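Take a look at this single chain, the form predicted alone, given in C-alpha cells.
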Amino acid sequence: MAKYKLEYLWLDGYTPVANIRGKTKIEEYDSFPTLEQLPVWGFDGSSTRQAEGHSSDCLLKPVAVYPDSTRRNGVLVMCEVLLPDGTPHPTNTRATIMDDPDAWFGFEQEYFLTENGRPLGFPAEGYPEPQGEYYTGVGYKNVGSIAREIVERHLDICLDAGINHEGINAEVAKGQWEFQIFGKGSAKAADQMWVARYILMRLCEEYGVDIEWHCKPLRGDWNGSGMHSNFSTKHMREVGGKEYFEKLMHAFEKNMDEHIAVYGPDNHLRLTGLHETQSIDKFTYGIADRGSSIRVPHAFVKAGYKGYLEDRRPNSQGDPYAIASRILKTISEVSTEV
C-alpha cells in the first residue's frame, strides 16, 4: 500500500468568475486510484462564498482523476460541489451540462503571463513594439526569457496527466499565449481545461509570475484573449446538411443574449468588431471568417455541411462548463428532422 496525495480541485462561489481551489487528502491504495475509489470529501463553504458560517459544510464529489507528475504519488482530482443532501450546489455549473457522450468540444485558451501587473516582455514604462511578430514568434525580443520555459513545462505536466492538449503557441500580443484542449463527451474537455488552468497557475508560483485571464487586459490596439469553442454533435458530424446548419444558426442568433451572458465577463471590451471579433450586439457566421461570431471551416462546407463549428465569442475568463452547457442547450432546440 502506498500513500497517495489526492489534490481535490473545485470551483468556488466567487462571481462573475469562479476561482479554482485545491486541498490535499492522503489515502492509501495498492495502485493509482480509480475514480470509483475516490471518496466524497467535505470542505468549509463559508470560506469560498458557498455557504454561511452557521451551516458551512459542502461536499466534493470526484468527477475526473489525473496523475500529477510534480508530486510523489500525486493525484489531481477534479470535483463538483454538492450540498449536504447530495444535490448540486447552485454554483455547480458542471451539473447543468446535458449528458451527451457523442458531443465533442475543443477549447482554445488564451492568456497573458504577467509580472508585477505587466505582461512579460513589456518595458517598465510604456509599451513594446506593436503587434506583428509576436504571434507564433521566436526569439528573445518576441517571447522573452522565461515564457517559453513556463509554457513548455506546463505542456509536459498536462501531457503526463493525460490531458488532451492539441497544441500551444505564442499569441498576437506580447506576453500572450494559448493552449488547446479537445475532449469527447459533453464535460470531458471542460474538466481538463479547469485542471490545466490549475496546473498553469500553480507552476507560475515558482517563477513569481501570474496568469492574467481577463479578456482585455490591455486597452488600445492590442488583441484581447478568447477561449474559442469548437463543438460538434454526432448529428452534425454524420448527417449535417445545409438546411440543418441554417436552422442551427437561427437558434444561435435567437439565443445570442443567453450565450453572451455565460461567455465571460467584460466581453464588450473584447467583442468590438476589431481584432478578429464581431461586435457583441451582432450575430454573424461566415466561412473561414475570424471576424464572425461563428466561424464555419471550409472543410465543413465541403463535406456537405458536416463537421464542427467554432464559436469565437467565449472569452478567456469563461467557464467551460457553462459554455458547453449553453451550446448544447441551443443545439437541443433544433429539430434533426428534415
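Please read these numbers as outputs of a predicted model, since none were measured by experiment. The first residue of the shown sequence is 1; numbering continues from there.
Below: the form predicted in complex with ligand ADP, not depicted.
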Query raised in the report: Are Y111, E115 and K216 jointly within 4.5 Å of ligand ADP in the predicted bound form, each by at least one heavy atom?
Result: no
Report task. Find out whether any non-hydrogen atom of G240 is located within 4.5 angstroms of ligand ADP in the predicted bound form, and reply yes or no. Result -> no
Query raised in the report: Does the 4.5 Å heavy atom contact test between K282 and ligand ADP in the predicted bound form come out positive?
Result: no
Query raised in the report: Applying a 4.5 Å heavy atom distance criterion, does G121 contact ligand ADP in the predicted bound form?
Result: no
Query raised in the report: Though only this chain appears here, would Y308 touch ligand ADP in the predicted bound form if you measure heavy atom gaps against 4.5 Å?
Result: yes
Report task. Pick the stretch from 288 to 296, 46 to 54, 31 to 39, 64 to 72 whose residues have a heavy atom within 4.5 Å of ligand ADP in the predicted bound form. Result -> 288 to 296
Report task. Only one of N142, T91, N223, S232 comes within 4.5 Å of ligand ADP in the predicted bound form by heavy atoms, so just point that one out. Result -> S232
Query raised in the report: Heavy atom within 4.5 Å of ligand ADP in the predicted bound form: which residues of 93 to 112 qualify?
Result: W104, F105, G106, F107, E108
